[in-house]
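Let's start with one chain on its own, the form predicted on its own, as structure tokens.
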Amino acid sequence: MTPSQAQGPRFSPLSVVALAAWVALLVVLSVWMGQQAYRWLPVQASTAAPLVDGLFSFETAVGTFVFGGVVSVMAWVLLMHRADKYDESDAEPIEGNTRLEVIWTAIPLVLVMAIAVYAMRVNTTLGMLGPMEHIHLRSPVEDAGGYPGDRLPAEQVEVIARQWSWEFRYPGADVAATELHLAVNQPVTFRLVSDDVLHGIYIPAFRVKQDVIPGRAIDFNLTPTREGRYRLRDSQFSGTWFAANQADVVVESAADHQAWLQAAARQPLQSGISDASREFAQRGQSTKAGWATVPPAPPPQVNVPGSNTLPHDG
């Protein structure tokens, strides 16, 4: 081993400048990709959305930096250290480089820990998930007054998931609907209940997704911040028509929301929206038996069926 080999490789000033320029380019590209990530998501319509989007942007930037670094190093090795044409000799044996191994172990560790700390801070700031209560499968009316006391906001909505329809009850106004109405910039607590199997409430514009577990009553808090019409979906596979288990979410001004509640309270009960029940009835009239499935629950009786065919913002 020569003295130069014992001292390790030496980098020329030009190599150091090129390495710094390469890292700077990766950083610029990563920051740009992180900013572009905001454009890939639906509109922000709740206080949770900016926090979740910021975390997603950070993860996109970190992923871009790692991906760009790995791919560029691979490209450099392939282009600059490839064997000559017709060279069939064996490569030189490499025993390893402890310093390099420490570096490429430390960098992922730092990045993963940074993402974890950021995610924990976002989760702590959101604080959307309240206590989970054990309940028995029963009629949802039995839980109408089951909210614990002063910590809950004024607006309280019971969300009942079934195979395959949603029902939203406003205990204070004695109103039920298959379309969710909320007042903008006013906090709301959902009491999530499932009457049969596992469901998931997912509103992309709000950046919220929470399992609705049978035998549990889960409190879930959020604040809508943008007026408009959005879409609520079932995020868990709950059977044949789970993809059709959707509902509209209408965010309106406080005055319009109160007017809607008062008008809804005067409406008689009627069948709510249930695409699954409608399609199951049509299937029963067909001469072809089709696949076996669980019969959907009857459409809920509500004051306001609403509509699930109007255009929405996300």
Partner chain sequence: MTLATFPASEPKPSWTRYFTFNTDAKVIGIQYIVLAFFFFLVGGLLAMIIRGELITPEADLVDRTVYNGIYTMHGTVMLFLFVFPVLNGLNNLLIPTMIGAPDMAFPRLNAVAFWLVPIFGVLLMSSFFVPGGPAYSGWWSYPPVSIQNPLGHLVSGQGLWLTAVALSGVSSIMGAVNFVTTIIRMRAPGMGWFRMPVFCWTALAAQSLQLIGLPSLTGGAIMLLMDLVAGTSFYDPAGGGDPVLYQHFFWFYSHPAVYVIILPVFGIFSELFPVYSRKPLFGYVYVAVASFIIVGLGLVVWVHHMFPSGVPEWMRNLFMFTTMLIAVPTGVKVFAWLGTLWRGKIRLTTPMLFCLGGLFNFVFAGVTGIMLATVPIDIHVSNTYFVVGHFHYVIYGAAVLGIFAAIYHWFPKFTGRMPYEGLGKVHFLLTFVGANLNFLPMHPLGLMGMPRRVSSYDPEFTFWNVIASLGAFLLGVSVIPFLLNMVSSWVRGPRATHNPWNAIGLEWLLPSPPAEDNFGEHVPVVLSRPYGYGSGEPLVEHQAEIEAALIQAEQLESAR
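None of the values given here were measured: they were computed from a predicted structure. Definition used throughout: the rigid core is the maximal C-alpha set that superposes within 1.5 Å between two forms. Residue numbers count along the first chain shown, from 1.
From this point on, the text means the form predicted together with its partner chain, which you will not see here.
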- prompt: Taking heavy atoms and a 4.5 Å cut-off, does Ala243 contact its partner chain in the predicted bound form?
  reply: yes
query: Does at least one non-hydrogen atom of Leu14 fall within 4.5 angstroms of its partner chain in the predicted bound form?
result: no
- request: State yes or no: in the predicted bound form, is some non-hydrogen atom of Trp260 no more than 4.5 angstroms from a non-hydrogen atom of its partner chain?
  value: no
- request: Indicate whether its partner chain has at least one heavy atom within 4.5 Å of a heavy atom of Val184 in the predicted bound form.
  value: no
field: Segment that reaches its partner chain in the predicted bound form - one of 249 to 257, 23 to 31, 262 to 270, 39 to 47, heavy atoms within 4.5 Å
entry: 39 to 47
Residues within 4.5 Å of its partner chain in the predicted bound form, restricted to 197 to 211 and counted by heavy atom: Val197, Leu198, Tyr202, Pro204, Arg207, Val208, Lys209, Gln210, Asp211
- request: Examine Val77 after superposing the rigid core and state whether its CA is displaced by 2 Å or more between the shown form and the other one.
  value: yes
